[in-house]
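Just the one chain here, the form predicted on its own, laid out as structure tokens.
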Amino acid sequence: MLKKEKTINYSKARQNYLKRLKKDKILVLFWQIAIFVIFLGIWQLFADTGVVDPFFFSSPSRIVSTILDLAHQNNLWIHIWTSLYETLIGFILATLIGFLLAIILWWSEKLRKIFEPYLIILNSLPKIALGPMIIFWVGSGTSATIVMCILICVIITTISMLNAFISCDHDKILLMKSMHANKMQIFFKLILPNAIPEFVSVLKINVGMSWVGTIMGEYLSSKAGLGYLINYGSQILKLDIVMASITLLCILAAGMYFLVSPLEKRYKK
């Protein structure tokens, strides 16, 4: 016997609210796409009419043509994969290391008091200044790029997660202690669930910061990657290569962001 499907009857006010909410989403998406298309159209028009010099500013058509030319040379995918691989490894390692460091500092208040000033100082240090030392430590190429990516993301991850851990409601902690909960139970039952929304925010921040670290690392020492293409294009005065690489970089960064962003709705406070 087939079960009858349940029908939910919303009130008229509720139905109007849902319709208005759907229209608002469609309107926002429309204007997001429209602004992007208009921007590209104006850019192409200015380049074609000579308002801006295509040599310095390139144009959408020249960017597409450059990407196709690089693809035909069979080396574009190597550059894309190199940057994507370095970014993903740096992103994952920096997030894990920063998360574990935050747990250790939360667990021991003495360690937190000792190392917190050093975290602030290291966070303010320009990581590019460590570039030559990184090359001496781990060599040039992929290893140096991944280390640069980790250095840029790990301090931010540690500070953000530590703040999320210590900002948990103290009264709730006292309540669990009154129920004889140990520190591990307090962490996994209260502190960690409370910090998940902040962890998702850290992931979103690290998406952008990891790409910054990758491009900086490839600038320092690399023979492949989008950062290498940007540096190469600027050296030979072919800014179409620079703009094409930046465009591909934006696409890859946006792809990573859209993979992470759905978590925000799921774990939103």
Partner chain sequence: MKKLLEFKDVSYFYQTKESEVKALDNISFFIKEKDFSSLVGPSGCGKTTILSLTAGLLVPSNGEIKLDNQPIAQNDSRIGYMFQRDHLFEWRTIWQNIILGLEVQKKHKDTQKLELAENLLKKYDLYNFKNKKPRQLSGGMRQRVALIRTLVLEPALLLLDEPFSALDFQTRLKVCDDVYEIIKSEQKTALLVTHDISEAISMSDKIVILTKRPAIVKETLELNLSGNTPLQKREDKDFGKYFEKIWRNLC
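Positions refer to the first chain, counted from 1. Here the structure is a predicted model, which is why all the values come from computation and not from measurement.
Missing here is the form predicted in complex with the partner chain; even so, the following discussion is about that form.
The shortest heavy atom separation between Leu96 and the partner chain in the model of the complex exceeds 4.5 Å. The closest non-hydrogen atom of Met176 lies within 4.5 Å of the partner chain in the model of the complex. At a distance threshold of 4.5 angstroms between non-hydrogen atoms, Gln185 is in contact with the partner chain in the model of the complex. Proximity of Leu190 to the partner chain in the model of the complex falls within the 4.5 Å heavy atom cutoff. Shown here without its partner, the chain carries Lys223, Asp240 and Thr247, none of which come within 4.5 Å of the partner chain in the model of the complex through any heavy atom.
Only one of 100-108, 141-149, 166-174, 79-87 places residue heavy atoms within 4.5 angstroms of the partner chain in the model of the complex, namely 166-174.
The contact residue chosen from Ile156, Ile135, Ile128, Ala181 relative to the partner chain in the model of the complex is Ala181, the criterion being a non-hydrogen atom within 4.5 angstroms.
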